Each structure stands twice: as C-alpha cells, then as structure tokens.
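Just so you know, structure 1 and structure 2 below are the same protein chain in two forms, each on its own as structure tokens.
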Structure 1
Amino acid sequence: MSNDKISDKRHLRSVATRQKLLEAAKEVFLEEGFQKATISQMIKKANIGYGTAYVHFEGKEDLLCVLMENVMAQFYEIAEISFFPKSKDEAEQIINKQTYSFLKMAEAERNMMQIFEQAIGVSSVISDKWKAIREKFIQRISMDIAYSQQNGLARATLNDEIVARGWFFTNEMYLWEIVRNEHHHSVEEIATTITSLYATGLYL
C-alpha cells in the first residue's frame, strides 16, 4: 500500500474518531449539564483511548466550542440569506423571514443552547467563543445595512455597525428567552414585531 493510501486511511480514521468523540460529548453534556460533564465520561462513551482523545481535543471546553460552532453555523446560514432588496417592503420581508428562522432555530436547538448558556456563564473560553460568534453575525448584519444605505433605502446618517450591534442584541435577548422557555408570545409575533420596529427606524 502506498504512503498516500496509508495516510488517507489514517486521516479517515482520525475524522471518524473526532466525530465519535463529538457525538459522545453532546450526549454527556445533555445528560449532565456543562459543569458536571467530564471529558472522561465522553471518552468512555465514545469508547476510545485517552491518548487518542487528547490528540483531537484539549478538554471539555474545546469539545463544546466545536459543538457550539456546528450549531451556530446553522444560525449563520440564515444570516447569509442573500440580501439585495429593491424597496423598504422587500427589505422588511427578508429581515422578517431571517428573524423568524433565527428564533425558530433557537427553539429547535433549545437543549444544546441551554448547555451553551450554562457554559457562557462559567467558562471564559466559552464566553470568548460566544463573543467571537456574535461579532461574526454583527459584521454580516452591518454589511446588509451598508448595502441598503448605499442604495438609498436606509438612513445614511446612522452608523451601520452600531445599528447592527443593536439589532443583533435584540435578537439575542429573545433567543435566550426562547431557549429558557420564558417567552410570552409566539415566535412569529416576536419576529414580526421586532422586525417592524427595526425596519421603521432604519429604512426610508
């Protein structure tokens, strides 16, 4: 067998091991919560050697960072919906759809999001990771606002980055309310209401 083939097989095995460990970690986090979960439980559940596990991840925070990236990638796909509105109404429709999908995703991913919230509160590593994810969303929203401003649809005097930050924080607050099951209105009503306020303030 050529060296390339051996290296390919090793790589595939390594990817499979990493995936096995992530799946085991997810189960343990959901069963135990962030603070009680240990990497030993995850390694045992994944049925792999300690040495092998530490080749892939430094510890449970490292594992949760990857799980968080995977979940939030689904949210980010919503943020990346193409945004080239021709009018205020069209902009509002797209934003409403994005907001609704974003908050519905919080409902669908409630169990894992609860673990993230626990971890953000006690781990600076996870808290920093969340801040980095948040910034990525804010940058994306900022681009959409700048596009609308350049095309005469939105108020050009407003700082796009500050508006984007405010808009993301509004969504994030409702996201955590939904994760905690503390929201008093339907996701649809929340999305429509906050989108209407946002679009009225920003668009001409």
Structure 2
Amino acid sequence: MSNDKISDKRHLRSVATRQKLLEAAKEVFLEEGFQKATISQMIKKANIGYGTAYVHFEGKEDLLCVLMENVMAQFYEIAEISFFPKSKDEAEQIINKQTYSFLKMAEAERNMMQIFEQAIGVSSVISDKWKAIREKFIQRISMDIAYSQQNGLARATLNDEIVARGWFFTNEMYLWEIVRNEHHHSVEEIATTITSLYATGLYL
C-alpha cells in the first residue's frame, strides 16, 4: 500500500534483473559489435535464465534502443538550438556552434555510437529512430533557412528543404566518420570548413 510500487519486492527484483541485463548487454555490444553480439551472451553475463530476457525486452534491437535513449535525447537537444541571426556573420557563428556540438557528440559517445551505426544498417527499429532524429534536424534547418530568406539574409531562389537536407547530410556523414575514427582532420577544422562553405553559398 505504501509507495505503491517502490516497496514491492517483486517489482524491485524485476527492475534489478532488467538492469543487470541492460548492463550486460552494453558490455557485450561493446565487445562484439551489434551483429556478432547475441542475446545468449548477454544472458550468460547477466546470470539470468534464458527466457527471462524476453520478458523484459523483445530482442537485441529493443535492448539497444533503451541503451541509446540518453544519447538520442542529446541529439534532440542540439536540434533545438535557437536561431535568429541579424547578419550573415552571426548566422555563420550560430551554425558553426551547432555543427560543432553535433560533431562533438560523435567523439563524446563514440563507443555506443559505433554500435548504433552498425545497428542502423541492420535493424529497422533502430533505423527509424535515427531517421526521426534526422527529420527533426532537417525540419529545424528548413525553418532557419526560411527565416533567413524572409529577412533578406539568404538567397531566396534556393529551395529551403533541398538545401536543408543537403546541409544535414554533410553533417551526418561527417558524424559517422568521426564515430568510426576515420576522420583526417580535427573536428574544429571540419566544422568551420563545412560551415564556411555552406554559409557562403547560402547567405548574401
């Protein structure tokens, strides 16, 4: 009766095993990568019964979704950065900051982002999660471009959505390069270079 569920011993045990499994899953994912990782490995490492895993999660994908929740939330935060520039230079400055934050996520969360990238190629559930993030960014960027065009800062002849998608694509692909540690330049240099190219191309 008191505290509803908190003091329910069964519920407490349930939460604990769920947590054990999540931690084991993270370890296995990081050791094996998404594809080679198996539920069986995670179950062994978590010291629970085989069937128990399926009580708490639907499978590998579901497990990873939960493990990536906080990272995905951070992306949504970055997408929300406000954008009301009064000049071309201010616009470039804001964009540069956003791009930098975006790419820095790749470094900060590299390990799990590597798993995430592998999973995107395999699991439609995970892929959809990332697509939602992508569309969120593109929608925001489109609005930013439209705002700049209405204020006479940006070339109005260009279709905002096409530009927004193209711009995000550059950012996204660099993100994955950095995640894979395959980038040959500093994140700062990449951010400033692509931002400069973009701002010069779009703004007047």
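Throughout, residue numbering runs from 1 along the sequence of structure 1. As the structure is a computational prediction, the values presented were derived from the model and not from experiment. For clarity, a rigid core is taken as the largest C-alpha set superposing within 1.5 Å between two forms.
Q: Give me a 1 or a 2 for the form predicted on its own.
A: Pick structure 1; the other is not the form predicted on its own.
Q: With both forms fit on the core, is the shift of the CA atom of residue 32 between structures 1 and 2 2 Å or larger?
A: The answer is yes, as the C-alpha of residue 32 shifts between structures 1 and 2 by 2 Å or more after core alignment.
Q: Has the Cα of residue 191 moved 2 Å or more between structures 1 and 2, judged after a core fit?
A: The answer is no, as the C-alpha of residue 191 shifts between structures 1 and 2 by less than 2 Å after core alignment.
Q: If you line up the core, does residue 44 shift 2 angstroms or more at its C-alpha between structures 1 and 2?
A: Comparing forms between structures 1 and 2, the residue 44 CA shifts at least 2 Å.
Q: After superposing on the rigid core, how much does the Cα of residue 22 shift between structures 1 and 2, in Å?
A: With the cores aligned, its C-alpha sits 5.5 Å away.
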